[in-house]
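The chain that follows stands alone, in the form predicted alone, written as structure tokens.
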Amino acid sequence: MRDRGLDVADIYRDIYIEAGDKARRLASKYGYLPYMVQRYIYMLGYDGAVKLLEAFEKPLNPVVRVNTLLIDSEKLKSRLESLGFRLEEIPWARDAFRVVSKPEYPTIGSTHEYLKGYYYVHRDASALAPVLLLLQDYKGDVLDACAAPGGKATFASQLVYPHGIVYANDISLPRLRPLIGHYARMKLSNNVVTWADARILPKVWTRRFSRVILDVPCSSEGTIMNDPSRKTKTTLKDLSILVKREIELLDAGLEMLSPGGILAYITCSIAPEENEYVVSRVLESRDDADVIEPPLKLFDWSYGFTSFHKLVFDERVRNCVRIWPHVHGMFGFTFCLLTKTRS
């Protein structure tokens, strides 16, 4: 793996933002750190920033992803609706439904059908998109480098079954426990679970993969509607530390990729610092990586920024996918497909 010589202080200088009066007033009204709102104004303009802030005030309904290895989608839908749930199909994600209304009891995560492993409950549909695109027409092995608590890993296991194995790794032992529980509950046997910092995997594994899922630990800024604490949790200094780790993780993920393979770099964040900036920094340091356009358009998503505030990014990051709460009705979510051009 490359010696990147990353310095948090340098990253902080790159990403530093001074909030103006308009941003401070909006931040006070909605309860945010001012720099975050200034960023929204830079990205979306004032009116767009207000629409985003309003969207963050409306919690999203969960999504049921059917385990089609155990039950047919229509049969599960009928069983859940008989319990009082109302489900709405997600047009671009087969075998997935948004829970648009629910009974007083049971909860969507305590039904008999859930305990039998017939479905996984996602907080939102956005997480389905990068996995669907990464594993389009693919049936081989997959590395999920930051896999817990298991939404993408269990989905990948379903998609590559029975030909492929998902190697589900995570640094957090407490978070690995629910991942293992989901695999057992859903009766998915095509997996290997490992416990390690994904940044050391290239040094301790000789194995390389044609598909890598890299859903990095991030600020989770795109999930504010379901976790309002994110409005004030991440200072610019905190963000700089996260960005440093994200760059290191993406670099390591590319090292785990076979030539010609594809990696999905994913965050549940709308921050350019955690997305286009990270990808650009890694592309600058490597001559064996490229950004690729998604193989199909699942829905009318937005594209990556090639510049932001005082930063200019690699032009290739335009192929990154952005999902906006106020435009797409989902979590704020960003992902990018990268390929390794040679060994």
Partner chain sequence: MRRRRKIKFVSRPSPAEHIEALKKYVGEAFNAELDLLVEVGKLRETCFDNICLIYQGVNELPRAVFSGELVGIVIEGHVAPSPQLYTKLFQRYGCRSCVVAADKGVKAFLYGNDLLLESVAEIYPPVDSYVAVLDSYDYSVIGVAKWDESSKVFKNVFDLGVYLRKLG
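As the structure is a computational prediction, the values presented were derived from the model and not from experiment. Residue numbers count along the first chain shown, from 1.
This protein has a second form, the form predicted in complex with its partner chain, left out of what is shown; the following refers to that one.
Taken together, 242, 292 and 318 are entirely out of contact with its partner chain in the predicted complex: none brings a heavy atom within 4.5 Å. Though its partner chain is absent from this view, in the predicted complex it lies within 4.5 Å of a heavy atom of just one residue from 94, 139, 112, 233, which is 112. By the criterion of a heavy atom within 4.5 Å, residue 162 is excluded from the residues contacting its partner chain in the predicted complex.
The shortest heavy atom separation between residue 196 and its partner chain in the predicted complex is within 4.5 Å. Remark: residue 265 does not count among the residues lining its partner chain in the predicted complex, judged by a heavy atom distance of 4.5 Å or less. Although the partner is absent from this view, residue 258 stays clear of its partner chain in the predicted complex, with no non-hydrogen atom inside 4.5 angstroms.
Looking at 267-275, 222-230, 131-139, 113-121, the stretch with residues near its partner chain in the predicted complex, meaning non-hydrogen atoms within 4.5 angstroms, turns out to be 113-121. Residues of 184-222 placing a heavy atom within 4.5 Å of its partner chain in the predicted complex, in sequence order: 184, 185, 187, 188, 189, 191, 192, 193, 194, 195, 196, 200, 204, 205.
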